[in-house]
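A single chain comes next, written as structure tokens; it is the form predicted alone.
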């Protein structure tokens, strides 16, 4: 059995400019494709971002920087509020998947993970139970030092899950209306899609830099480079293009950016 890990970006499933505004289109597009994958025996794990259900409040309260003694009460309220909002968003995602007959198991990071960045601790074995689509998401987690809490990014969850789930062959980042990584701002008429990314590839991005508290596109590229160097192939594709996404997940030709996996770890599901 092979494994696929899919990241639903916060900008894809929410309106990042409007507090707690869900956009169901991408999940509705993905759900029937996931149903077919799981029926064929593929293990599927989903990580989703926070978007306007987390980033706006987290940024206002400075949660990414950890505990600030001068803002203790404000931050305590914000931690509770962001966690509640993330549970609400996750419930909306799961609701669509379950309405399509997909059996889901949710793993809120605050319940099993500690620390931030790629070195967070937690039992990843919980994601290996067969027969279910496992879901997790970016969240405010406890930190065992003076910072007390911090934001564990969905991108870092992707990194650890993709590398440590041994049967993972493909990690997919679903983007909001763009076909992959571009060499410059995709709104620039001279921007070119990067079809194959290597460590020598040159690009610039400001995507989500004013709204994202966990690194935006630059972090996705950094994480994807590390994932691909450890084995799984990584692809960036348009999360709203269901036909293209189905092609990718069923081994066909697709439009997007691929981070080729390390040659010593070739394990099928090649482009």
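Residue numbers count along the first chain shown, from 1. Nothing here was measured: the structure is a model prediction, and the numbers come from that model.
What comes next is about the form predicted together with a small molecule, which is not displayed.
Listed residues 26, 234, 50, 46 were compared with the small molecule in the predicted bound form; 50 is the one with a heavy atom within 4.5 Å. Screening 196 to 204, 68 to 76, 90 to 98, 135 to 143 for residues having heavy atoms within 4.5 Å of the small molecule in the predicted bound form returns a single hit, 135 to 143.
Using a 4.5 angstroms heavy atom cutoff to the small molecule in the predicted bound form, none of 6, 107 and 159 count as contacting. Using a 4.5 angstroms limit between non-hydrogen atoms, residue 239 is distant from the small molecule in the predicted bound form. Proximity of residue 152 to the small molecule in the predicted bound form: non-hydrogen atoms within 4.5 Å are present. Although the partner is absent from this view, residue 113 stays clear of the small molecule in the predicted bound form, with no non-hydrogen atom inside 4.5 angstroms.
Under a 4.5 angstroms non-hydrogen atom cutoff, the small molecule in the predicted bound form has residue 82 among its neighbouring residues.
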